[in-house]
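A lone chain, given as structure tokens: the form predicted on its own.
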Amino acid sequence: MCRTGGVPDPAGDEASTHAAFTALLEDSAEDLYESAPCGFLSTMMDGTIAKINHTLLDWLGLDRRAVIGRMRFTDLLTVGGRLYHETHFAPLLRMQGELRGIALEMKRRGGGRLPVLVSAVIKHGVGGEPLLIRITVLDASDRRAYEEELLRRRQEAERSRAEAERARAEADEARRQAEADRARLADALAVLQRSLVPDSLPAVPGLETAVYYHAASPDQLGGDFYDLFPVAGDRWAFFLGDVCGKGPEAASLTSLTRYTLRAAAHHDPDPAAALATLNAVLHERYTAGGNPRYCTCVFGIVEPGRGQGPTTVRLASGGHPPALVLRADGRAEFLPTPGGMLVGVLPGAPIGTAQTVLADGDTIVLYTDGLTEARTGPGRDDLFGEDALRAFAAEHAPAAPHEVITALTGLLKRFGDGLGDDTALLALGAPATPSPAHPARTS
């Protein structure tokens, strides 16, 4: 009905809506049972199916005539479902009279499986005797898929966690192995390094000695070397130097250099002759073959005075920094060896020579360029240099060899990370004459 002017009558709309709901509610109970969104079936107490709705038949792909009175509820279940029914479902139902939301699997025509949630209740007669079992079946496919997805994600997470833990364990083991390998390498390198430079110097009558070696890296062989050994008469040969490079090749060159100088000194103890022999050997072995290898070196012969005269020192140098002499009167001066060239570069490389006398209390110091080329300053942009070294020595003169080496060792430590190269120090000194007022103590 409409009002004047074509406007709909509200009373008419309400009547139409009520009529529509009434039509919906006129479905029969049988239609609701057969077309319900869940499965329904009723069985006898022995499980024989007495009634089943169309929804469940459609899910399972079964014909009603093949089911009613011919199949039991357990016939609709998978093997696993039947086992669970016999061991859990049926006993609990008999004891409790009802069950809610039990997960089972039902068979589909063609071999498929339908995951379901089953609820069951026993209907009793007037006298309380059980008559039949009413069962409701809900399709749990989506829930099962969701649960399987959750399980899969959890398993993936557990695998990822296990893989992460395994990777962490492998990384820890690799780190421990690397540390062990590094320790073994450091031990091996230390042993090899000791074979290239002596741990201590021999006792020399009438001469005081001290030595120190700083390795820039415990993982790499250095190229600095030194030695002190007797030659003919009361003379002692000594040398200190630095080969090019680091690692195994430097170690090989160091070994060749040390043994060549030792052999040359026993053959001819003249310092220049010893370095000339070393130059010829290195040039023939390396440079002439297209693989130039060289070193800087100071070689010397010292004849201790033993209190009966001055101690004389003769030096020859091949491109090495000048020796430093700390005098007993407090002076510090370099002993230049001009003209000396790197050993091994040219077949007849020039060699610089020098000679000095050590009075009682004088000390001569040999060093490698790791000392003078140490980086200093806030930005590590400056080299320590020879002038600073001479000033440092003057502050400590006069000093016995072990005192000089102790002071220089402290200086090296103060350089910190500015000391980037190996450094070898060797000091030889004529013992100071004891003052009459302070005679030497005896043990």
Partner chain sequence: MDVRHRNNVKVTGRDDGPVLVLAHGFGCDQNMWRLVVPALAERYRLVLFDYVGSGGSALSAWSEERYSSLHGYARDVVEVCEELDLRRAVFVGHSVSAMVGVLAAQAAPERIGALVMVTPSPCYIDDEEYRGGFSTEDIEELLASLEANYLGWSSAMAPVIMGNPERPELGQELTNSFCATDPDIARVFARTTFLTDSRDDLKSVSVPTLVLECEQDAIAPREVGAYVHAAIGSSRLVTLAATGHCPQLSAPEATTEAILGFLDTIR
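Just so we're on the same page, rigid core means the largest C-alpha set that superposes within 1.5 Å between forms. Numbering follows the first chain given and starts at 1. Keep in mind it's a predicted model, so treat the numbers as computed, not measured.
Note that the form predicted together with the partner chain isn't included here; everything after this is about it.
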Hey, in the predicted complex, does Leu83 get a heavy atom within 4.5 angstroms of the partner chain?
yes
Taking the partner chain as it sits in the predicted complex, is Glu105 in contact with it (heavy atom to heavy atom, 4.5 Å or less)?
yes
Can you tell me whether Thr74 touches the partner chain? I mean in the predicted complex, with a 4.5 angstroms heavy atom cut-off.
yes
Is Ser200 near the partner chain? Define near as a heavy atom within 4.5 Å, in the predicted complex.
no
Pick from 206-214, 263-271, 86-94, 132-140: which stretch has a heavy atom within 4.5 Å of the partner chain in the predicted complex?
86-94
Heavy atom within 4.5 Å of the partner chain in the predicted complex - residue from Arg182, Arg285, Arg100, Arg306:
Arg100
Considering Asp63, Glu30, Asp46, Asp417, which brings a non-hydrogen atom within 4.5 Å of the partner chain in the predicted complex?
Asp46
Any residue of 337-358 with a heavy atom within 4.5 Å of the partner chain in the predicted complex counts; write them all down in order.
none
Any CA movement of 2 Å or more for Asn291 between this form and the one not shown, core superposed?
no
Any CA movement of 2 Å or more for Glu208 between this form and the one not shown, core superposed?
no
Taking 2 Å as the cut-off, check whether the CA of Asp360 shifts that much or more between this form and the one not shown after a rigid core fit.
no
